[in-house]
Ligand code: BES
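Just one chain is shown here, as structure tokens, and it is the form predicted on its own.
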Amino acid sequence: MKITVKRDKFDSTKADVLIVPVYQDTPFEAGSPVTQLDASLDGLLRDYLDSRDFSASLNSTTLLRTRGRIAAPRVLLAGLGKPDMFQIDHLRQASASAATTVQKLGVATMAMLLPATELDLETQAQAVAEGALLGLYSLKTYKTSEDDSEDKPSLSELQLLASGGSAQQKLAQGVKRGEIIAKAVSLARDLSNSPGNDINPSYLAKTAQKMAKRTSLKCNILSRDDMKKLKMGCLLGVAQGSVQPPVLIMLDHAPNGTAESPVVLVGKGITFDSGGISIKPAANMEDMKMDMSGGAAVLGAMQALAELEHPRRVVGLVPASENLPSGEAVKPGDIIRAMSGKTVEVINTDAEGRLVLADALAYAVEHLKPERMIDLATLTGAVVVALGAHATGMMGTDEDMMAILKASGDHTAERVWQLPLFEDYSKQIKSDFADIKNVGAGRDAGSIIGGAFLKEFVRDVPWVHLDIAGTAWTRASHPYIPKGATGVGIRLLIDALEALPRPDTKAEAKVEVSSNGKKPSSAEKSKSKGKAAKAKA
């Protein structure tokens, strides 16, 4: 579906459906577009809301026939909930709910009014684009037949209505950003939803290479032989049980060829995780095709950063492998040597994600000299027990970056929650026979123990670990997140990296907020680069 911005009036647009976002229990403001539309419809909207047949609660929708009173034959009311509770994600959700409702009608075009809000037009347009495109996402690659709706015309266009030239330009900018980000999230969802017999480490490498050809990114792939030369014993150890060769994918976004110290993003790329010799239970093991969701998020984020022409250098690393049992697989009790030189006793082969990340982090520290690092991984079931599906577990040594990620999580609705990483936890991974072991004793603090293990390989580089095991996959549909892979992390990373002050500024990396407590738009942030305001208490 394409999204266009048109200078058109609500009563003259010829779209098949006109979408009108409305707040709950709120009178129409005098002179507002909704009030004017209601007048053109002879009070139809107000009467319908007053009747309580439609509550305008968040994500509720109702369809009205206009009977020729305006050019559009239908009006779809989309609920935003109560105005005092409004957040930018409510507009994202309302856009998704409206798009999926309209799609079921079998019409081709829809137009949308924007609600009355303090948010700037670019931010609103981006939210509408993200919501609609991500709400309509589906993976149809493996479907050989369609459902009963195959004869209906497909929804092909969403029009945002602009009142003038300046509004049209701002809306167009927001739409472009939203489309770029939604495309990146959809890429990550495709990779994580697709089966492991197609999506293997080599496939991820080819995906990165194709991405580099069509963007400004530079791609380098380290092979098994390269890893042997670098003595990446942890990544090689995980991979030795599979016939699929491991790869370490590197994508470099260096604007104007800059050689500045990069921000390094590292994503776990286990394309199928059986647990290895410590094999997982059979129930739901098919979902383990998504164990590369951290790697998929890094690939998607790198694509978006290139297309958005992000001003700072960012390098994405994806250590990719399968984790399977075989006669050659690493065994519990084996001791392997990481690239950093540390020896690791493998207690549980199902704690493999931290092993492949360890060598990738060590490689970044030694060869890329990063400004800071962020890793994403479906690392532990323990984080699901702790936080469920509503927040990503976060820990690390970079307090500034974690504060920015916290604010970006609230803004993008990809929320994070910080967990402690006290030195006491590191004591739990000391091994009797090697430097460290890959799990602690028992199940206590499992997610934090995973973070403590990774901390051993970052040296003094500021670092954040994001455990997305609870947020990368969903069994229940949400307005713009269908069942399956969520693509979590991409919108969060883009927002956080754009809020990160440049290293050559004296401003501390504090979270920016506007005077009304709302996170500023990208346009506002670009006007005040390097400046940092105090975070809202």
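Each residue number is its position in the shown sequence, starting from 1. Computed from a prediction, not measured in an experiment: that's the story for all the values here.
What follows is about the form predicted in complex with the named molecule, which we do not show.
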In the predicted bound form, which of 414-422, 265-273, 300-308, 239-247 comes within 4.5 Å of the named molecule (heavy atoms)? 265-273
The named molecule is absent from this chain, but in the predicted bound form, do L18, D38 and T66 each have a non-hydrogen atom within 4.5 Å of it? no
Although the partner isn't part of this model, could you tell me whether P73 comes within 4.5 Å of the named molecule in the predicted bound form, counting any heavy atom of the residue? no
Tell me, yes or no, whether S408 is in contact with the named molecule in the predicted bound form, where a contact means a heavy atom of each within 4.5 Å. no
Would K280 sit within 4.5 Å of the named molecule in the predicted bound form, counting heavy atoms only? yes
Is there a heavy atom of P83 lying 4.5 Å or less from a heavy atom of the named molecule in the predicted bound form? no
Heavy atom within 4.5 Å of the named molecule in the predicted bound form: which of M288, L139, V107, A386 fits that? Just give me the one. M288
Just to confirm, with a 4.5 Å cut-off on non-hydrogen atoms, which of A338, V439, M395, L324 contacts the named molecule in the predicted bound form? V439
Residues from 470-486 in contact with the named molecule (non-hydrogen atom within 4.5 Å) in the predicted bound form: W473
